[in-house]
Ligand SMILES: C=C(OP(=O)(O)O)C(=O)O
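Below you will find one chain, with nothing else, as C-alpha cells; this is the form predicted on its own, and questions on how it binds or moves follow later.
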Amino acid sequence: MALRVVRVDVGWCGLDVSGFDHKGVRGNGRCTVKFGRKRAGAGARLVPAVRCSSVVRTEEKSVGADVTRLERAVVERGFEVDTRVEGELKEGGFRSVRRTKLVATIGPSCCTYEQLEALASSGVNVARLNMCHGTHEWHREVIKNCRRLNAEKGYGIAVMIDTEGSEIHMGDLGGASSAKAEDGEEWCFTVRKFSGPLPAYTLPVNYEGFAEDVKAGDELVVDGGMVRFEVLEKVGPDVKCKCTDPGILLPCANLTVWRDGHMAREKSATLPTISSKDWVDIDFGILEGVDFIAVSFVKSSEVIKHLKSYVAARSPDRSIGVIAKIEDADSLRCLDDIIRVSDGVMVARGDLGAQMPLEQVPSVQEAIVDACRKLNKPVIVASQLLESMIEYPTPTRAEVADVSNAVRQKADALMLSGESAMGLHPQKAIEVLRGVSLRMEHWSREEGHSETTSLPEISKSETGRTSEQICNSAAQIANKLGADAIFVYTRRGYMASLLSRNRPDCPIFAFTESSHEMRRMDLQWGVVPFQFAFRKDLESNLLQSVSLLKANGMVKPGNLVVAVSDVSSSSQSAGILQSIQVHVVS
C-alpha cells in the first residue's frame, strides 16, 4: 500500500494546518509535524521545527508480525477492544463512540453474571464495590464475574473498591434493605452491639464516641438530608431522637450532627481517614487485583501519598489507581494538593451537600471538575444523579438536566449508586445515562461549542513538557481537520491522558500492550483503550493498527487519523524527538 508523506511547517502560536486540509489530501496521505527545541540563552521552549522533505514511499507490513507477549485473543486478531465499543464502531463509525464514561455501583440488584452482562452491554465501564456493604466473599464473587465477562464476552470492565472511611455512619438495619421514619416518631441511635435482631425503632451507629459528641437539641442529618432527627436526650450509649423530616433510612447512611446552624465537629474530627476496617478492605482489593481504590473523606494529600506508597509496596508489579473522594470542607481547603497526588477524584455530592449549604454544591462541583481537568486527573461526578430511578422506570426531568450539566462540564465519568446497586431498574438507569451523554456530546459538537479552557503547563521535566505540547498540538490539528480519531501508542497511558485533557472533538484510540493499563484508561474522557502488540516505531504501529482495524470493519476508507506515540525503540537516539502524523485511510 503506497503512502504519501509530507512534512509541513506549522506556527506555534495559532497552529496553521490549512496546508493539509482533510479534503485536500488524496489517497492514503500522511503529514508529519516534527518537534524540536529552540534555545534562547538559559531558557528553552518547545517550538515546531521548520522542515520540508520529499515524498517517501513505503510498504505496509503483513498483519500478525511481531505479535508477542499478549493474550491468545490478541495473538489471534492482533488487538483487543471492548466488544460493545467494537459493535458501535462497526455500526456508527468513529464519532458514534461515547466520550463520557459510566460507573455503576454493584449491589443485590445487579450482582449476578447475567445482570452484570446486561450492564456491560448497556455501557458500564467501571464496576464499583461499596465496602460499606457485603462480605469479602460476596465482593470476590462479583469481581470474579466481572473478570469472567471480560474473558468470555470481550468486555473491558474495570473494578473499583470504595472504602467506608472513618466518618460517622449508621450501621446495618438488621438485614433490611431500608426503613421508613415518619414525622414525630421517636428513634434510638445507639453504639451498642446486637447479636440478634435489632429492637424496633433502633439504629446502630459505627462511631463509639457518638453519644459523647451530641447534645440535646442537636439536629441529626441522615444521608445529606434524606431524613432529619432532633436529639431529645442521652441515656448511656443511647441517643433518643424525634423524627422532624420523614423519609427512607438506608443501611450505612452517612450521619452528620448540626448545632446552631453549623455542623458540629467534636472528637469525630480527629478520626483517621483510613480506618482499621479500611486497611483490611484495601488488602483485599490488592489481593484481588482491582483497578482502582477510592478513599472516603480525604482530608489531606498526605493520606493519598501514604496509601499509594503502601499499595506500591504490596503490588510492585501492578499499579492500582487511587481515587480521592471529595466529601467535606477539609477536602476543599487543600483541593489542588489532593488532586495532584491522586490518580483521580470523585465528587461525592451527597456528603458534600450534608456539610455545606445545598446551593453551593453545583458551583463546587464545577470548580472540582475544572481543577481536575487542568491538573490532568480524571473526575467522577457521583451521588443522586437518577435517584428517582431507584423506584421508577424513568427519571425526573430535573435529573436529566443534572446529568446533562455534568456532561456539558465534560466530567470524565458519571456514577450511579443506589440506582444500580439496589434499584428496581439498574439497566434502564445506565441506558438513561448513556443516552443523555451521547445526546449532549453530539449537541455540543453540532453547535460548535469548541473548547476555550486555558490549560496550564503541568509537566516539570523536559520529556514531560515535550509530550504535553505534542498532545496539545495534536488535539488542535485534529479539531482543525475534523479528524475522525486520534491514535496514541502508549505504555503507561500518560499521553492518552494528556490528549483527553484537551477534550478534542474526536475520540482517542489508545493502544497499549497491557490489559491492566487498558482498564485503567477506561476512566478517562474520550479514550477508547485497545490492547495491541507494539512494533518498532510510530510508523509501524500506525500501519499495523490501521490495517488490523480495517480488516475487522472498524476503519473505513477516507477516515482521517492523527497519530502520536510515547513508545520509543531501542535503536532511537536521545536526540530523536516525537512527531505528529496525519493519516488518511485508503
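No experiment lies behind these values; they were computed from the predicted model shown. Start at 1 with the first residue shown and count on from there.
Same protein, other form: the form predicted in complex with this ligand, not shown, and the subject of what follows.
Given the pose of this ligand in the model of the complex, superimposed here by the C-alphas around the site, does the shown chain leave the site open or is it blocked by 3 or more ligand atoms within 2.4 Å of backbone or C-beta atoms?
The pocket is open.
Does residue 327 make contact with this ligand in the model of the complex, using a 4.5 Å heavy atom cut-off?
So residue 327 counts as contacting this ligand.
Indicate whether residue 351 is a 4.5 Å heavy atom neighbour of this ligand in the model of the complex.
Yes.
For residue 128, is any heavy atom within 4.5 Å of this ligand in the model of the complex, or not?
Although this ligand is absent here, residue 128 would touch it in the model of the complex, with heavy atoms inside 4.5 Å.
Is residue 162 close to this ligand in the model of the complex, meaning a heavy atom pair under 4.5 Å apart or at it?
Residue 162 belongs to the contact set for this ligand.
Considering non-hydrogen atoms and a 4.5 Å limit, which listed residue (239, 368, 415, 471) is close to this ligand in the model of the complex?
Looking at 239, 368, 415, 471 one by one, just 415 meets the 4.5 Å heavy-atom criterion.
Among 120, 346, 307, 499, which has at least one heavy atom within 4.5 Å of this ligand in the model of the complex?
Comparing distances to this ligand in the model of the complex, the residue within 4.5 Å is 346.
Based on heavy atom distances of 4.5 Å or less, which listed stretch (299 to 307, 404 to 412, 201 to 209, 319 to 327) is in contact with this ligand in the model of the complex?
Selected range: 319 to 327.
Which residues within 212 to 239 place at least one heavy atom within 4.5 Å of this ligand in the model of the complex?
Contacting residues: none.
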